[in-house]
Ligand SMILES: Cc1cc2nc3c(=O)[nH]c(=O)nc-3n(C[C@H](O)[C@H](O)[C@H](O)COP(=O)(O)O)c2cc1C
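Below sits a lone chain in structure tokens, taken as the form predicted on its own.
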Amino acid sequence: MELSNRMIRSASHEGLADDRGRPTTEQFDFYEGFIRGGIGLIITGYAGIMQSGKSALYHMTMIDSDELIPSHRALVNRIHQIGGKIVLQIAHCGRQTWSKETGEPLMAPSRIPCGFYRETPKEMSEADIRIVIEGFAEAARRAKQAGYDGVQIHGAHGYLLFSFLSRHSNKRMDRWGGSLDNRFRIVGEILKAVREMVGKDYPVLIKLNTYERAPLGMKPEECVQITSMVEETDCCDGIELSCGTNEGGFVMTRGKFPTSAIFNYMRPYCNYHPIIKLLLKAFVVPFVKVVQPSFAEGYNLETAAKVKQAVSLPVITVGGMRSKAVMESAIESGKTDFISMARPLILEPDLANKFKTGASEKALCDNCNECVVATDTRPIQCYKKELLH
């Protein structure tokens, strides 16, 4: 897959699918802005591989049935008609969702509830694991049939595959837990199953975490080991590096703590009684703000540089990229091969063109994170359009 530049739109939940999870005209309109704005590649928001892994967030895109292929193909055809490249991210949310949304019991490597969703999942059986492996392979097949330029397997952010990789959420003592080799096993099996399904020439990417804020959580050293294990499968064509999980707070996005957006748009907080909201704002929010990681440009680049030394696969890095100078320096110094971003492009889908023409040297996004939390109950949008003026 040849790209026009090294700027990539990283996945973010969009909430633009219909009730069944089919891509819509609104979704194409959202992506069109990035393509016309000069971005080299779009990685879509995550698409669910099966109903048990469906997100609790608003209107997740799905790729769990062949009946959805025509809708995906229509979207991809329109993207290609305007010269765009698009990769479908495929995922299973594991314990980071609610069974009332999936209609099925939650699944995870161990019976440990997510600290955010607070619902105890069932421990997956050998049969459950095999079904998930097959589900990823089938989702990749559908993506290829729909015409996507590649797939990205979501192995980060606390979702099912990451929950196997992390000692915080995987307490198994069988061949799917314990040692890093065992915790990686499901990821390796999925990469092999996907590669067998789509053939040797179809681009297969994976998204991984550099860090997880949790007891026994993922650390950079483990991330580097995992990327080497990914390369050893000989079934992957590129690695995107991110960080954080839902229960770890705003480690993934950093920046400002979006108090108002949380109580206006995010469940269950938006449904609380006004007095409860006031008490939380007065006594809990100040503490959370104190422990929130500070924002710094390229906060995953340090680990990315170590990964670059460990593997020969192309490395994509997301996380706080804002200024052209920092991005170019990261590439020229060999810390990463590609730059990916999500929040800045929601406000400025034409940021790549602005960089290219010299109209801008830095993204206008102020990292307010309102766009991040509001997608729990509504489609994605920027809540700071005034920054454009």
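The model shown is predicted, which means the values in this text are computed figures rather than measured ones. Counting begins at 1, following the sequence as shown.
Although not depicted, the form predicted in complex with the ligand is the subject of the following passage.
**Student:** Just checking whether residue 48 would be counted as a contact of the ligand in the model of the complex - the rule being heavy atoms within 4.5 angstroms.
**Tutor:** No, residue 48 is distant from the partner.
**Student:** Please determine whether residue 322 contacts the ligand in the model of the complex, using a 4.5 Å cut-off between heavy atoms.
**Tutor:** Looking in the model of the complex, residue contacts with the ligand include residue 322, since a heavy atom lies within 4.5 Å.
**Student:** With a cut-off of 4.5 Å between heavy atoms, is residue 371 one of the residues that contacts the ligand in the model of the complex?
**Tutor:** Although the ligand is absent here, residue 371 would touch it in the model of the complex, with heavy atoms inside 4.5 Å.
**Student:** Quick one: is residue 253 in contact with the ligand in the model of the complex, heavy atoms, 4.5 Å cut-off?
**Tutor:** Residue 253: contacts the ligand in the model of the complex.
**Student:** Among the candidate residues 183, 72, 157, 168, which is the single one with a non-hydrogen atom no more than 4.5 Å from the ligand in the model of the complex?
**Tutor:** Contact check passes for 157.
**Student:** Just to confirm, with a 4.5 Å cut-off on non-hydrogen atoms, which of 303, 242, 97, 227 contacts the ligand in the model of the complex?
**Tutor:** If I apply the 4.5 Å criterion carefully, the residue I get is 242.
**Student:** Pick from 110-118, 314-322, 266-274, 187-195: which stretch has a heavy atom within 4.5 Å of the ligand in the model of the complex?
**Tutor:** Result for this chain: 314-322.
**Student:** Could you list which residues of 1-28 come within 4.5 Å of the ligand in the model of the complex, counting heavy atoms only?
**Tutor:** In sequence order, 10, 11, 12, 13 come within 4.5 Å of the partner.
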